[in-house]
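Presented as structure tokens, the chain that follows is alone, the form predicted on its own.
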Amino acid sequence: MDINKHWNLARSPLGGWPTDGDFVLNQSAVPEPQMGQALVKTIYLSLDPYQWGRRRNGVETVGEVCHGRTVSQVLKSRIPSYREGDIIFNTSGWQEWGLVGEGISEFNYMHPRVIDPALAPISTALGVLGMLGLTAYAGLYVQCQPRPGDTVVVSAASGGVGQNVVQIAKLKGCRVVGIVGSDEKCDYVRQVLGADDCINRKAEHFEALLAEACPEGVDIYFENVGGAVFEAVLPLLNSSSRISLCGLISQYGHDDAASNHARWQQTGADVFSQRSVKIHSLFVGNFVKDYQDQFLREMSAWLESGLIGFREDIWQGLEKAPEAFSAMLKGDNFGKTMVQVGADPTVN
């Protein structure tokens, strides 16, 4: 009998950051697809900060297979939508095998779709050509509407979303300043992604260095981090500046999302009001229907022409998922974090 290994949520998180006791590795029989379903084998598993929020807020319950977007291969199909051998983007979660089709609950708007391996490496469906790329596109391009000459500051600029924001902003003619957590990441953001400057948030006199890098203030701030980084950006915001509030990863180990957002809003309230700052809360699901096709066309063309690059932080083996997840939340990743669960049939 074939065995399906899977990570389940072992308990409701006690607070703070993930620990070994939050997850348990179990195994069960590989499921058999019923009529209208397909059996898929996970190749790549995406690890993202929002997953911790789901667990902290009770969206994901004890005993469930941990949620996660995936790239998988169809091994057995009883549904016309998929042929055996197809590579698909889906939401199998932290497990080796899964089902798609009738009666299988996908995460809200995340409907499976077939991936064309000729377009780009299939792992990019979890990053630059996936929800992270669309998040960057929606937050910067759709919400904040960058203009040539705008100064754009991007926190977590080397991460899965941030690296795309930096490059799209440069394509739109902006001056871009990244914020990251190491000198190595700063070099990458400047030399590879093309940012005009990049500041290490751990550097002595970080606030002064950021102000020096933004002599004409900040027109757009793409918020991934919150906390001390946000407090350093806040006094630099120009009149009628725009913020895309994507995430507050530095706060995810503290309180629930509502409290984090309320605290963030309260911290900036006076500046927001005095300078007519426009705040956009970013939930990528609101943009799938109207912008995904447009995004895929533009991003694919940028990738093909070499105008957009990407970096992935790939861990090997499903057993590494909790460790990789914890490292990503603490900022120890370098690029889009994912786990390679199975062999990639598109790689020779």
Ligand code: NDP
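The first residue of the sequence shown is number 1, and the count goes up from there. No experiment lies behind these values; they were computed from the predicted model shown.
Below: the form predicted together with the ligand, not depicted.
Though the ligand is absent from this view, in the model of the complex it lies within 4.5 Å of a heavy atom of just one residue from Val152, Val128, Cys246, Ile243, which is Cys246. Ser250 is the sole member of Gln167, Ser250, Asn90, Thr124 with a non-hydrogen atom within 4.5 Å of the ligand in the model of the complex.
The ligand in the model of the complex is approached by Val284, whose closest heavy atom lies within 4.5 angstroms of it. Of the heavy atoms in Arg201, some are within 4.5 Å of the ligand in the model of the complex. Though the partner is left out of this view, Leu329 does reach within 4.5 Å of the ligand in the model of the complex, counting heavy atoms only. When the ligand is considered in the model of the complex, Gly335 lines it closely, a heavy atom lying within 4.5 Å. The chain is drawn here without the ligand; in the model of the complex, the stretch among 128-136, 71-79, 91-99, 233-241 whose residues come within 4.5 Å of it by any heavy atom is 128-136.
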